[in-house]
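Only one chain is given next, in structure tokens, and it is the form predicted on its own.
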């Protein structure tokens, strides 16, 4: 039933795309995009979710861009039919911004946009911009890992380096998988649950806005960066024992990174101090302690068409003794946490076939997450993708252990125009 309806909606979206392309192009503004179908199914039966599908959707994305002498305007919108969670038609404005330059040195980008910085490969320390983990687990394209946010970005260029500032008037959290599509471990019940929940965002005030900054300079071929952030934890990791509800605690981050070439490949270093502003003493139950994190990575072409990388991340919780004394419940986190990742990518037959494998493994948490995909480019416009996501862990409350019932396979077909 889902597939039949998806095909009908997909055909309608394709006709919409062709019509929109003709109308807008006639006005001298180019338009492009894609029509895409995505279907995914679970591999485990004992899952509290209401559907055996993890994805059953068709999507139309339209992109328009116009460059003038004084400014650039860009817009990207998705129209989709999601039969698993939304149960109908919807749309999202992913990007709608204008870019312009003042005084020949300061660039501004204003509006809804996708933001990213940092050095890690799917490990984010100083990248404080919103992520969409539901899309990540469901098999949508990698572009959907980054969620849009409405911000003002400014960049100042000088001989000393590049200074970038991003102000987001209203806090934009991560999009978690807790929408009913995936199950997760609930500390309240001590078992797996699938009920969707939405955590209220902090009040829309100047004090609750987000401010992120980066200073970057290239020295001897190495990109060196300093970072700062004032805002909130991007996931609702706080818990109010009075209202019995999760919330977003305040967070400040101070960090640095370096990226350059060595050993015939590329290496990177990144670190950050996560200052838990609402729990500076480290003893408040329900609020994460401050911590420090570090990351080192290296990537190299190991064969003609194969590239591999490896990363190691370490994290230390500060004031751990106070955390232990004030712990509520039995889900006790470790003082030290480690994570190892590796990506292997192969590109074959003039890049018409792309194979990708990525594993996250935490020796300290004893959990792991494996994702894989295969892309086959049938024509210049048509690409077919199959892939999967596999989770496991000994402890239910760890980052990947909490999703251990969500193993899935998916197939995706994309027609670009």
Partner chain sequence: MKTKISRTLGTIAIAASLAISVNAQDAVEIAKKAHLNYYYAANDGLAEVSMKIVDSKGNERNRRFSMLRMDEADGGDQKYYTYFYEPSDVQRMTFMVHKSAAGNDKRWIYVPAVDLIKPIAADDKNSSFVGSDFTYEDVSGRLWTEDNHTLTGEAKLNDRDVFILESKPIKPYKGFSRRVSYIDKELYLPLKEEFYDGKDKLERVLTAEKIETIDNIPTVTERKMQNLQKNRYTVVSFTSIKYDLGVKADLFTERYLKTPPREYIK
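Numbering follows the first chain given and starts at 1. Quantities reported herein were computed from a predicted structural model and do not represent experimental measurements.
This next part talks about the form predicted together with its partner chain, which is not shown.
Across the options 385 to 393, 348 to 356, 363 to 371, 37 to 45, residues that bring heavy atoms within 4.5 Å of its partner chain in the model of the complex belong to 348 to 356.
Checking 140, 234, 337, 109 against its partner chain in the model of the complex, a heavy atom within 4.5 Å turns up for just one residue: 109. Shown without its partner, this chain lists 92, 333, 299, 278 as candidates; in the model of the complex, only 299 has a non-hydrogen atom within 4.5 angstroms of its partner chain. The closest heavy atom approach of residue 189 to its partner chain in the model of the complex falls outside 4.5 Å.
Under a 4.5 angstroms non-hydrogen atom cutoff, its partner chain in the model of the complex lacks residue 51 among its neighbouring residues. With a 4.5 Å cutoff on heavy atoms, residue 283 does not count as touching its partner chain in the model of the complex; it lies far away.
The shortest heavy atom separation between residue 105 and its partner chain in the model of the complex is within 4.5 Å. Highlighted residues 116, 157 and 259: every one comes within 4.5 Å of its partner chain in the model of the complex, counting any heavy atom. Of the residues in 65 to 81, those that come within 4.5 Å of its partner chain in the model of the complex through at least one heavy atom are, in sequence order, 65, 67, 72, 74, 76.
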